[in-house]
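Have a look below at one chain only, the form predicted on its own, in structure tokens format.
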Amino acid sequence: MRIDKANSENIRNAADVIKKGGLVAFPTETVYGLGADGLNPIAVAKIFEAKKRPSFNPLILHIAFKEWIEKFCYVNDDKVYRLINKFWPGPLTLVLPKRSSVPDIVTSGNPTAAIRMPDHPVALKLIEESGTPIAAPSANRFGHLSPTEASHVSKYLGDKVDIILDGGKSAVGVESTILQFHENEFYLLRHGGLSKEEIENEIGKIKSGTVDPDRPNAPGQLPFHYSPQTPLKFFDSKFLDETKKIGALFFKKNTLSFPFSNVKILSQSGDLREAAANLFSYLHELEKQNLDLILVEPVEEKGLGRAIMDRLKKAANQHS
């Protein structure tokens, strides 16, 4: 495993790894992805093995050009094109009926594929140089914190990856929003880097929840995920025990006099974009402190606050 600065030469080398069926971790605007040739089932199987990811949990196909969507999915509604033209490249994943060119291992046997065009020059160049869509979940062990820096990938996956491309810290910091088009309706499957309000401003009201809760057809639909190894709970006075090492994650400021071992503030100005960008980075930092517990302050569930709370709730569920 190598961590290589994401310059032109190293991106070409990483593309050669993709073409040969290997694994490359690469930066996107949301989080770092663990990528393989999305049309090579054997290569894709390596992703599940490296992450210890359940085979029933589908992957997202990443493309470099809007026009590629027609190669891999059926698009039968003008609103889908409106979303693509407005929000791609960007943190929006669309779940659409798949074409036969997409291997079943990518979609976990579902007739739909999750697809997006990332808004990061390194990701786009890697896909273009590879000449194939890249299947990529977050570059971490399944159920653990998502990586927003190359060092996070190295910590979780080590020599399971052939190359890690270091493109700096992810700007958005939470995974993409996932939206499914099904029977002339849009369903919000996962809150993420694009808010529900922004989507509805473009295409009108959308539904929340999955089309079939018993069969996940996109990432992020399980009840627990994104969890640090340290137990994480929402603030409650019953957890404030001075005999324990407790870390705290506040939204804007520390409102308590309790002697926390470590305190992180997501955004002193209350900016939800800044808070989302810092979320996983700060949880990684708290995870390193050998704490007994991490307490987190809820944020208002509006805009990107929904994505932040989705991640925190699932992290808390892991230790409930």
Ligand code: TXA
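Treat the numbers as computed from the prediction; the structure is a model and nothing was measured. Start at 1 with the first residue shown and count on from there.
Separately, the form predicted together with the ligand exists; it is not shown, and the next lines address it.
- With the ligand left out of view, the stretch that reaches within 4.5 Å of it through heavy atoms in the predicted complex is, among 282-290, 50-58, 267-275, 251-259, 50-58.
- In the predicted complex, the ligand lies farther than 4.5 Å from every heavy atom of I294.
- By the criterion of a heavy atom within 4.5 Å, A113 is counted among the residues contacting the ligand in the predicted complex.
- A residue is said to contact a partner when one of its heavy atoms sits within 4.5 Å of a partner heavy atom; R190 meets this definition for the ligand in the predicted complex.
- Contact annotation for G38: none of its heavy atoms lies within 4.5 Å of the ligand in the predicted complex.
- Only one of the listed residues (L232, C73, I178, I127) places a non-hydrogen atom within 4.5 angstroms of the ligand in the predicted complex, and that residue is I178.
- The contact with the ligand in the predicted complex, taken as any heavy atom within 4.5 Å, belongs to A136 out of L194, L145, I164, A136.
- Contacts between stretch 4-40 and the ligand, counted in the predicted complex as any heavy atom lying within 4.5 Å, involve T28, T30, V31, Y32, G33, listed in sequence order.
- The pair V122 and R311 is at least 3 angstroms farther apart at the CA level in the predicted complex than in the present model.
- Relative to this conformation, a decrease of 3 Å or more in the Cα-Cα distance between R311 and F48 is found in the predicted complex.
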